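One chain follows as structure tokens, the form predicted on its own.
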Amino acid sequence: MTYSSLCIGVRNTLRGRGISGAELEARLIVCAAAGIDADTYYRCLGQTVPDRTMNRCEELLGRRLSGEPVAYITGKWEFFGLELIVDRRVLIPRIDTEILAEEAIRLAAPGVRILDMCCGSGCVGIAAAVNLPGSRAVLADISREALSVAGENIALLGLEDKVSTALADSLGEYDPSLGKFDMIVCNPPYIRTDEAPRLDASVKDYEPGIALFGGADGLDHYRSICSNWTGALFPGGYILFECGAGQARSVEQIMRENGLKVKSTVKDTSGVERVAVGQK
């Protein structure tokens, strides 16, 4: 069997299970099984697949059919044009979160210092640091496991001179030892706890609950950060939040109640108000 026919077979199996994005996922699974990148895969389409790769592909496909997200199977995922390490210690970066990174980059001044709260894999802060010359970023999370992944991504991309990690609780008090920042970006846990039974199995059974659930109304982290962490901002500094569907107006109100000026709300490609922007 060639790589091309193997990928077609995997794709058809995924489609038969109703998995969207089957063509992309099939390529990712085959590449992971073979231990090759996309460029090498396309050069090998007509080559015969070794038995060990066939066996590995069957194993990985079985994991996907059992519900495990392909990002955790391959151990990597693309965000804002960057290939990042991603595993079950962190949330899988979504395309919607790229809007948060894009808006942060748009608003940032030269030499900006950014705090990425609830950083997970570090995707937002890293994307900003890569695209903003002279910038510095601190990736903060309460999860030591998440910070380990973020640190791996910093090293992977050679960003040790401009990006660091810090253990910090978004539901706790601001630690002045972190210093001051021009911008806080945050994709907090924002799913209501009562929504847990209705989540897709690929989310609730695999992604870390600490990165998903934001309390009874999903707004606990917004309240705490606006109340306890705006002291980390220089005057005039920005705070940018990703919001769940229907949450933007509540997040704006929380900002106002804590003395922040609401600047804008940015919609995603589906028209959902996805990013709320405030200013100190």
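One rule holds for the numbers: they count along the sequence shown, beginning at 1. Note that the coordinates shown come from a computational prediction; the quantities given were computed from them, not determined experimentally.
This protein has a second form, the form predicted together with a small molecule, left out of what is shown; the following refers to that one.
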Exactly one of I114, A150, V124, V163 has a non-hydrogen atom within 4.5 Å of the small molecule in the predicted bound form; which residue is it?
V124
Spot the stretch among 195-203, 164-172, 106-114, 88-96 with residues whose non-hydrogen atoms come within 4.5 Å of the small molecule in the predicted bound form.
88-96
Would C118 count as touching the small molecule in the predicted bound form under a 4.5 Å heavy atom rule?
yes
Consider A211 of the chain shown here, and say whether it contacts the small molecule in the predicted bound form, taking contact as heavy atoms within 4.5 Å.
yes
